[in-house]
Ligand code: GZL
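Heads up, the chain below is alone and in the form predicted alone; it's given as structure tokens.
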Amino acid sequence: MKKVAVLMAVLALFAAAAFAAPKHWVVGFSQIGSESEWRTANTISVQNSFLEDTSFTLIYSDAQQKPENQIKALRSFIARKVDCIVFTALVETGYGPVLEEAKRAGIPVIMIDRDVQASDRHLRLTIMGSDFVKEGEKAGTWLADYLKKKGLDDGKKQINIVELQGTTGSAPAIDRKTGFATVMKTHPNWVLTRSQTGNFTSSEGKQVMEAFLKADKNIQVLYAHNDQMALGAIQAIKEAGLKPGKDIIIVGVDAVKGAFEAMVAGEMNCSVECSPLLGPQAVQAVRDLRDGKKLPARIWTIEGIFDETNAAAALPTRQY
């Protein structure tokens, strides 16, 4: 009887251990590329977070800035019958058919950072990341306060603004423009004199800013949809014999380390934070999904604004 009791106890322990162990899931991660410091930090955050949990295997695909590569990767994930897809959309449009395929295959899709167009959002479970519209609004509100504080805007004199847009058709480019434009409407003397895409890269940001400077000698403000383009523009401004941050006020988005260094040097005025460190949130969302929990429709990140008043103090702690 004692042997039977011991055997039953051992079997019970094995059963409990097996029950406690989470089911192993394979997750496909489609990233848009590595166009910036922000994107690299985002990729590393997701990869490392899944690597730390041995109950997951992550399959990573770099689209190299091409939507067709992303679609190919998503179809590859579906063919491999992954348990979940984590996906950052390069642009908003064009993903409907492949997302339909994922849904028919019973594979849930979680968006991180960038979303698909509104008509396709019923095909994914949730989107985690920043409020891009609010980021544009924050940039505009900061600029209004700064111009007033410096005595540069009396509400009547024209303020000439140029804009470096992100990748055409991408969610952050669309929404950051929308948010900033909302604030501009409350300042009728603000005039957007030029606006062109720099594709979120420093090289294109520099090229476009060079063209802006050749065509317009009265630029007072640069609003860049990301810091990488702003940093490229800073080089163009310096090469034109002007002082960035003084002759031209520069407002960017992302709050990457390079932007902090530029702010400390007085060559950039403001950066609205957009945190790329979404890995822990992504892993938790997939865990919850595996455990049968319902995910919220939107998972937000908490972010701040940095300028000459707080950039120096925050610089040593920046992770990207």
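For clarity, every value in this text was computed on a predicted model and none was experimentally measured. All residue numbers are counted from 1 along the displayed sequence.
From this point on, the text means the form predicted together with ligand GZL, which you will not see here.
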Find out whether any non-hydrogen atom of Phe132 is located within 4.5 angstroms of ligand GZL in the predicted complex, and reply yes or no.
yes
Decide whether Glu267 counts as a contact residue for ligand GZL in the predicted complex under a heavy atom distance cut-off of 4.5 Å.
no
If we define contact as a non-hydrogen atom of the residue within 4.5 angstroms of the partner, is Arg114 a contact of ligand GZL in the predicted complex?
yes
Taking heavy atoms and a 4.5 Å cut-off, does Phe200 contact ligand GZL in the predicted complex?
yes
Which of 280-288, 36-44, 49-57, 257-265 lies within 4.5 Å of ligand GZL in the predicted complex, heavy atoms considered? The stretch 36-44
Which listed residue (Gly205, Gly140, Pro244, Pro172) meets the criterion of a heavy atom within 4.5 Å of ligand GZL in the predicted complex?
Pro172
Within 261-278, the residues that have a heavy atom no more than 4.5 Å from ligand GZL in the predicted complex:
Cys274
